[in-house]
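Consider the single chain below, provided in C-alpha cells and representing the form predicted on its own.
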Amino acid sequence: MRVVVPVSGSDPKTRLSPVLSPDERREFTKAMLTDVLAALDGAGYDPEVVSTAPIECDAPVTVDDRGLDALVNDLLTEEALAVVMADLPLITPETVERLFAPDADVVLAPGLGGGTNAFVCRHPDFYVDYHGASIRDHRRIAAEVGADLTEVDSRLLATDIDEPADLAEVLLHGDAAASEWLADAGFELALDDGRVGVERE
C-alpha cells in the first residue's frame, strides 16, 4: 500500500499567524511532519511526502503545488492508498496500526473540527472532497460508490493543529519534535478561566 503525507511547504498554517511568524510556521510544520513520518516508520510503513514547495525531511519528497483535492484524487488511481495529514503531531505507531487494521474498502479518521485527518482506500471509485465538513462528504461519497466504510475513533488522529488554541494539545500530550519545538520557542501552558491554553515567554 502506498502511504502519502501531503504538506504545505510554502506558506503553511496561516491560522497560526497570530502567534507564529511565517518562518516559524514553516519550522513548526516541519516538526509536526517529523512526528508523523516517525509514527508511520515505527509502524513499518515507508511514507512519501507530497509538498507544495521543497521541504527537507526523512522521506522521499515530490513537489506538487496543486490543491489537495486534485492531488489526492490523482493518487487514488493506485490500487490501495493511505493519506495521512502532516499536522497530526500526537500520532503514534500504535495509532497508525489502528488506522490500517480494518479490512474495509474505506477507513476514515475524522478530525475534531469536521475534517478528514487520514484515510485508507481500497475502492477504485472513491474520491475526496476536502472542502467544508469533509468527513461528512467522505461518508456520503463512500455510500454513493458502494464502498464498505469503517471509521477509526482516535483522539490522537483527530487532533490536528490549525488554531493557536490547538497548541495546548501538543504541549499537554506530545513528547516528540513538535512539542519540543514549541517549548524551545518559549511556549508554555497557561490557565485562562479554568481552560488550558498557551502563552509565550
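Every value quoted in this text rests on a predicted model; they were computed, and no experiment measured them. Numbering starts at 1 and runs along the sequence shown.
Keep in mind that the form predicted together with a further copy of the same chain is missing from the display, and what follows is about it.
Colleague: All three of P12, T29 and M85 touching a further copy of the same chain in the predicted bound form at 4.5 Å, heavy atom to heavy atom?
Modeller: Contact check failed for every one of P12, T29 and M85.
Colleague: Quick one: from G113, P93, P102, P124, grab the residue that has a heavy atom within 4.5 Å of a further copy of the same chain in the predicted bound form.
Modeller: Selected option: G113.
Colleague: Using a 4.5 Å cut on heavy atoms, which of L149, V61, V145, A133 is close to a further copy of the same chain in the predicted bound form?
Modeller: Contact check passes for A133.
Colleague: Under a 4.5 Å heavy atom criterion, is D160 part of the interface with a further copy of the same chain in the predicted bound form?
Modeller: Contact with a further copy of the same chain, yes.
Colleague: Answer with yes or no whether R66 is in contact with a further copy of the same chain in the predicted bound form, where contact means some heavy atom within 4.5 Å.
Modeller: So R66 does not count as contacting a further copy of the same chain.
Colleague: With the partner left out here, check for me: in the predicted bound form, does some heavy atom of M1 sit within 4.5 Å of a further copy of the same chain?
Modeller: Because no heavy atom of M1 falls inside 4.5 Å of a further copy of the same chain in the predicted bound form, the answer is no.
Colleague: Examine D153 and determine whether its closest non-hydrogen atom to a further copy of the same chain in the predicted bound form is within 4.5 angstroms.
Modeller: Flag for D153 set to yes.
Colleague: Quick one: find which of 66-74, 134-142, 30-38, 48-56 has residues within 4.5 Å of a further copy of the same chain in the predicted bound form by heavy atom distance.
Modeller: Among the candidates, contact is made by 134-142.
Colleague: Going by heavy atoms, what in 160-185 lies within 4.5 angstroms of a further copy of the same chain in the predicted bound form?
Modeller: Contacting residues: D160, D162, E163, D166, E169, L172, H173.
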